[in-house]
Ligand SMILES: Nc1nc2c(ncn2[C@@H]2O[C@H](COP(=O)(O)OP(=O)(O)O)[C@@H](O)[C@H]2O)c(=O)[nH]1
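Just one chain follows, in the form predicted alone, and it is written as structure tokens.
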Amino acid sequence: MLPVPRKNARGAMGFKMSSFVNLSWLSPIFAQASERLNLGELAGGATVWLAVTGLSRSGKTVFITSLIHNLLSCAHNPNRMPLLGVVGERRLIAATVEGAGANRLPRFAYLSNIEKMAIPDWPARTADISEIGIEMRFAPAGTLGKLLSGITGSPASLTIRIVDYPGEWLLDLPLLAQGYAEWSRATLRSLRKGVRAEIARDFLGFVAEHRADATASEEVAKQAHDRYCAYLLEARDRHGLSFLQPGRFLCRGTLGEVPYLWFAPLEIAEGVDTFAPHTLGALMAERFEVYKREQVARFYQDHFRQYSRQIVLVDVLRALLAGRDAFDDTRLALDAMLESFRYGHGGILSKLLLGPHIDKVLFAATKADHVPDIQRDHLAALLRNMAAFPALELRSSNAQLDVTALASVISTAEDTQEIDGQRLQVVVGRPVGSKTQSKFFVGNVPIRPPRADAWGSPFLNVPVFEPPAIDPSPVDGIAHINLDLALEFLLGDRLR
């Protein structure tokens, strides 16, 4: 059977291999390989879903914008992404952005983001789920791919469908295994400890005046919800806390003010798990269950199950700077997020995700340009040691996992400075709001989570830096750290 001609997106004629190609004439080695590979995809193009997430201000929007811009620029400046095999081996022919009509979700705002970075300014942070497709056309590296490319007369192609979504949504997975009463007790216990006790004072005072066995009241439920959300926002934005549930209370996207969101934890005695009808506890519990069904489970079933590759961005430096409570909270958030990549028999995800699931996950410590080169390995080591990564890696049914440090945009330079008679490495950059550049000795990044008695003085001196001037035309690309290495881990096998 001959290849079937078709028109590509530009109207030119190409060929798409029929799914019933007779491969009996191939040598035995190719015939065996054909049983393991979808040859129609190799010849006509495949799609891989790359999901990008991270907690607030971890750099998701900048990461995706820089990734797209650098891929589009590789044809003009391949030296910008040399550690991505398809580029370093000079096999990339072209990269193009798919038209908006191909998107199922709202379109990621690449063009407006790159124009804002050209001002220069940082783009707005992720508030909802979005996607964008990048078509990569390249010369195959493998023997079978070269053969099929010769048959079709066309290069191989891969569409990378990038999905951006708030990492806070992953924090809700544990809710699926909890009832409202259990969640309320655990939440209120945490609200009475450390820095949370002061932040949540208004909410805790309100809860003390409204018992779970009181008559149900829409007004009281909404007031409790509003006070609880105010606590969550202050905990995140002013104190750097991360383990905050429910995630949609912080990142609602287009959801808006639907009534089933109007719940909050209440004071519930141990051993009490059900509530009499028409009580405040019963109203809250009902809404909690609807939230789990309509938002948490549906996200994993409708979106998460499509992803095959995932990168999770973590601002480790910000967690260190914010102090012990914020750092410990980031560790709790990482533990909760890791649950989304466990696929063991009988687990929550094994029941939700039927069919393919994520097979590669990269955790990346962002803003690696904020520390000197000799500190970047420390940054990655600290992230690896912040959560139970080794235990996760030992389970064969989990995704393949790695950890790195990266910077989507380099906004600093390195220099040395004499401090107390010693010549030390420093970073040079322009802090946000400043008109001039300054040198910063950032200190030492620990490779392990600090001991409780080590938080007496700040670990680092790292400001937020202004971005460099960026050419919005996809020619020169954007200077970065390890962006190409991250993409090679995540997608290198699909670009062979």
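Throughout, we count residues from 1 along the sequence that is shown. For clarity, every value in this text was computed on a predicted model and none was experimentally measured.
The next section is about a form of this same protein that is not shown, the form predicted in complex with the ligand.
Although the partner is absent here, residue 183 is not a contact residue: none of its heavy atoms lies within 4.5 angstroms of the ligand in the predicted complex. Contact annotation: residue 429 falls outside 4.5 Å of the ligand in the predicted complex, judged by heavy atom distances. The closest heavy atom approach of residue 409 to the ligand in the predicted complex falls within 4.5 Å. At a distance threshold of 4.5 angstroms between non-hydrogen atoms, residue 447 is out of contact with the ligand in the predicted complex. From the list 366 to 374, 329 to 337, 268 to 276, 233 to 241, the contact stretch for the ligand in the predicted complex under a 4.5 Å heavy atom rule is 366 to 374.
Annotation for 86 to 123: the only interface residue with the ligand in the predicted complex is 122 [heavy atom within 4.5 Å].
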